[in-house]
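In structure tokens, one chain follows: the form predicted alone.
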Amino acid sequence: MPADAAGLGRARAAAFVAPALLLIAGFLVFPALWTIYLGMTDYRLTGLAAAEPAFTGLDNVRRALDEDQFTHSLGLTLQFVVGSAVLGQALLGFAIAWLLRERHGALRRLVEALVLLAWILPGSVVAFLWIALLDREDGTLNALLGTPGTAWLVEHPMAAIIVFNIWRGTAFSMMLYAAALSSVPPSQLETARLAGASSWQQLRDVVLPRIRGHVLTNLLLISLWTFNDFTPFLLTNGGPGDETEIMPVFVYKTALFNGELGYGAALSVLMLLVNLVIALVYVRLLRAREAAS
């Protein structure tokens, strides 16, 4: 029997890998293929189409591309991703990591613990806390600002969920950037400092070129996570109206509230394609960086 590098042989190596492949097939591959199939039918939760769904091909995709609701939801989602992930979590996470890079002791541990706490709490708990914070009548924010009666989730719903997601997700960026900054040789920063470089010049000319790969990796991950985040639904239910109906909420309402599982599946496939485009853009930037270096 031909042996591999570990000396197991192909049959025994395949036996070791088989359970993992079965799990991947059962929980990833099959659901993905089933979603693509449902997206090409008129399957519904109730009615005749629930018992005998008809194959419709790409009709659901054409319907989505022709509907203003889809483009509106996609625009809100991109706004949510850019505002809360690319500009919010990434910049705030880097700022915290940069400010704490030379700090030690209780202050650093306290800041890191507070930021991590927001990340590890369950989404339902965090949403309840923010509803209490932003409540019109007895909200903590109104009490602090002296603005009783301000309905933040009604008057500024998109800004509210963007700030909410920044607060909730900054911890990952902070930890990744902290690890990246620790990989920058102190001797290079000391040399730049002795040469008269300011903190901004050290950051621009020494630090950022060395951690660019970490920055792009972080942006890729948080962009994809934010694009598929359903937690804002717990705050606003997609409202008022459809002002915060980002793509995951739009798919959820279409498939379950309206009962259009086929159309909802097609929307999910379109979401997957947008995710692939985002990932390809970041991967291309990473490869360009590797080629340049």
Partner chain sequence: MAAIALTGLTKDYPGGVRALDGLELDVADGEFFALLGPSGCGKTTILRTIAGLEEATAGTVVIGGDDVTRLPPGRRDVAMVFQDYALFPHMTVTDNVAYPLRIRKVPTAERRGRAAETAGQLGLTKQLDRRPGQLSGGQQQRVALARAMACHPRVFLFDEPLSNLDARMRLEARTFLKRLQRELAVTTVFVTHDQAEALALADRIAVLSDGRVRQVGTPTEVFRRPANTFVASFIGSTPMNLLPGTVTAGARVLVGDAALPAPVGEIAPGTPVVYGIRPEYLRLTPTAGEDTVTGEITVVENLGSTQLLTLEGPAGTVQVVVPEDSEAAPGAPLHVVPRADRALLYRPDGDGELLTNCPTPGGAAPGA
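Residue numbers count along the first chain shown, from 1. These numbers come from a predicted model, not from an experiment.
We do not show the form predicted together with its partner chain, though everything after this point is about it.
- Although the partner is absent here, Leu110 is not a contact residue: none of its heavy atoms lies within 4.5 angstroms of its partner chain in the predicted bound form.
- Remark: Pro185 counts among the residues lining its partner chain in the predicted bound form, judged by a heavy atom distance of 4.5 Å or less.
- At a distance threshold of 4.5 angstroms between non-hydrogen atoms, Asp138 is out of contact with its partner chain in the predicted bound form.
- For Gly196, a non-hydrogen atom is located within 4.5 Å of its partner chain in the predicted bound form, even though that partner is not displayed.
- The single contact residue among Ser124, Thr71, Gln79, Gln201, judged by any heavy atom lying within 4.5 Å of its partner chain in the predicted bound form, is Gln201.
- Of the residues given (Arg101, His156, Arg168, Arg210), Arg210 alone sits with a heavy atom within 4.5 Å of its partner chain in the predicted bound form.
- Note that among 201-209, 144-152, 129-137, 168-176, the stretch whose heavy atoms approach its partner chain to within 4.5 Å in the predicted bound form is 201-209.
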